[in-house]
Structure formats: C-alpha cells, structure tokens
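Here you get one chain, nothing else, as structure tokens; it is the form predicted on its own.
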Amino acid sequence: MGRRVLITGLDTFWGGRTAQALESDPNVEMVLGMGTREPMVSLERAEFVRADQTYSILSRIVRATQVDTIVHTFLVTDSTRSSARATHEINVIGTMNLLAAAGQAGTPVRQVVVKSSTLVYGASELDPAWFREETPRSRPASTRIERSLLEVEGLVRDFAEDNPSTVVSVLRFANVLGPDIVTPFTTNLSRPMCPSVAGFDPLVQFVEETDVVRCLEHVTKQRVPGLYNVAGAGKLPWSEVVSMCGARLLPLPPAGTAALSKALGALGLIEMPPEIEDLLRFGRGVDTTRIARTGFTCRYSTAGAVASFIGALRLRRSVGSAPPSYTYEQDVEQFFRHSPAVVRIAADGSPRTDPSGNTPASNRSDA
C-alpha cells in the first residue's frame, strides 16, 4: 500500500495546492482533504470531506480512512480574514482536535506536518539580524495571531514528545509573495500607495508561493522531522520592494500608527493588520541553514519572489483579473472519477484497464 494523506484546509489556497502536488505522486495511494467549503482548485484524485473549522469529526475520519500522514495547512496567519474568536477556534481548537486524532489509541498516523509562520518571532528593535529556529522572541507576543501560533507550536511540541514514533515537522514560512496568493502585502503592493512607518525602512524577507508548496511536499515525502525556517535568500529594504512594484510609500506617523492604519483600512486605502505593523518598523530575517541540510532549497530568493509577484501584477494591470476557472461540483467530480463513459489513459498513452484486466467498453475501438 502507498501513502495515505489527509490535508486540512483543502478549500484554502495552501491546502488545495498541496493536494494537487501530492496526488501526482504515484507513491501516494490516497489524498483526502477536509474543509468548511468546497475546493477552489481542480483535483484529479483527492477526495473531499466537509467539516467544521475545529475539525471535530477528525478522529472518526482518521479511524475510517486509516490515513498515515496529516498535513495541517489550515492555520490563520492574517487577522484581516478572521475574527478573534474564529482565529482561536481554527488555530488552537482545530489543532488540538487534529493532534487528539493523530494520537488516539491504535492510530495509523505516523507523520504530522504543520504549516506555521515566522510571525512567531515577532519584530522588535532588539531582534538579531537572522532568527535561527532556537532563537527566542525579543519581546512577548502582542497580537492574537502571534499568540495563537505560539500556542499551536506548543501543542505540537508536546505531542511530539508524547509520541516519539510519529514524525512531526513544523515549517515556519516567511511572508509569501507570488502570482496568485492574496495577503495584506500583495494587496498593498498592488495599490498606488503602500503603507510604511515614517522614519523606518526595514529589511524584509519573502518566500515565493510555489516554494511553500514544494517545501510541504518535500518534508511530507521525505518524512523529515523537526522545526524549520523557510524563506528566500536575502532581504530587501521595504522602500525598494515598494518601488519595484511601481508604488509609492505612504508614511504613517510612528505614534498612533495602529489607530490611523485602522481608519485608513476602513476606507479601503491600505491593509495593515497588527501582525505586520512592527514588521514595517523593524523587519525580520530568518536563517534557513537547517532546512537546506535536508536537501531543500528555495528556487526563488527574496528578490526573486518580488519579481514573480511583479510579473503577475503587470499582467493583471494590462489585461485585468481572470475570472475563476474552476468551481467544485461533487456530482461532476464523481462522474469524471467513476463513470464507465470516461476514457482513462495510462501514462504510456494506452487506455487503462479495469482491475480485472479488461479494457472498459468506452476504451475499446468497437465501443
């Protein structure tokens, strides 16, 4: 039997793309995704199960499907997309339920991969130039996103200690840029005016969206345990990033920044949630030596991630945004996967045979 993988957040950007990457692997027998809404990407083999945002049904799913690997992509890292209560339910309660399912008696789960964020380090004038995985925060967490992510990582750390036979991986990704991802950074950089804090020009670090998926795939396939920073090489001044994107800086006063950014946000002029306010003062950089030792290297540097985003941004400015190309429909998906009317082609170009060795009628030349 091949690998049997369960992915949380199949209906999210990261869950859907991770499923697409893993379902193309012949060593992965089954990909099962859970989400609160239907997926927004086209899937070949992955199955979808609807669940609430705390994954209260997860223990039953694990027992019923005998999954051996769980990839947890469903963590909130942007407070503009979630209320305080929903953030706690998704990040903390959802992770607690996931770990309970993975650690239940007789569990088939042998690997847990968690997609976390470098937000756990915060941003402060006391920070080192580069955070290593064991480097503590310079100041206590001040935002609900940071607090919830730290709580999640604490839960995962306790689970790893209590379940030494399970491969546990935590990946701390830097802020993401790319052609398709939507975040406060991509939203701001797409506008004519981009927020900054007057008197500050921090060095910032990004990871390109395809490198995030590649790293999740790498760690899952290679069963790599441990805690890792993941980011593109190098840092850039925020002013340079803004200039590269064809925008101008909108300096906000260093005192009362939160109140003013909230007011401007209500007007739709900027997106500056609390978790990036200090980042636009002090910046942040993470050391990626540890993940490199596992054989993974980002294809894009920080500058490359910015260039990837700019290429898509210029295209959108020229031709406009493309309409959604796919909407998940359960009955349509079942037709394509199971109907004898669908011709299935093997990798060598010949019609696939059914389990009995016979060519399905729809695949025969006399059909």
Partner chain sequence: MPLERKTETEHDVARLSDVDEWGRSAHVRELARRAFAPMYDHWFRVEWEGLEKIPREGGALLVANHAGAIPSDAPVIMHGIEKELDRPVYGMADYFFRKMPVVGTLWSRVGGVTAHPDNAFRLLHDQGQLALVFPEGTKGPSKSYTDRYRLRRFGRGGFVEIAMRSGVPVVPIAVVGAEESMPIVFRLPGIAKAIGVPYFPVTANLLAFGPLGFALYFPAKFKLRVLDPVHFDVQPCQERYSKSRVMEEAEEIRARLQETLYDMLRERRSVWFG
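The structure presented is a predicted model; accordingly, all values stated were derived computationally and were not measured. Residue numbers count along the first chain shown, from 1.
From this point on, the text means the form predicted together with its partner chain, which you will not see here.
Q: In the predicted complex, does R293 have a heavy atom within 4.5 Å of its partner chain?
A: No, R293 stays farther than 4.5 Å from its partner chain in the predicted complex.
Q: Does the 4.5 Å heavy atom contact test between G154 and its partner chain in the predicted complex come out positive?
A: Contact check for G154: no, nothing within 4.5 Å of its partner chain in the predicted complex.
Q: A303 near its partner chain in the predicted complex, any heavy atom under 4.5 Å?
A: Yes, contact at 4.5 Å.
Q: According to a 4.5 angstroms non-hydrogen atom cut-off, is T210 in contact with its partner chain in the predicted complex?
A: Yes.
Q: The chain here is shown without its partner chain. Which stretch in 155 to 163, 121 to 129, 84 to 92, 71 to 79 comes within 4.5 angstroms of it in the predicted complex, by heavy atom distance?
A: Of the options given, it is 121 to 129.
Q: In the predicted complex, which of the listed residues (M96, V168, I270, M244) lies with a heavy atom within 4.5 Å of its partner chain?
A: So the residue touching its partner chain in the predicted complex, by this definition, is M244.
Q: From the list M193, A198, A258, V182, which entry has a heavy atom within 4.5 Å of its partner chain in the predicted complex?
A: Going through each option in turn, the one that passes is A198.
Q: Where, within 218 to 233, is there a heavy atom within 4.5 Å of its partner chain in the predicted complex? Residue list please.
A: Read in sequence order, the lone residue that approaches its partner chain (within 4.5 Å, in the predicted complex) is A233.
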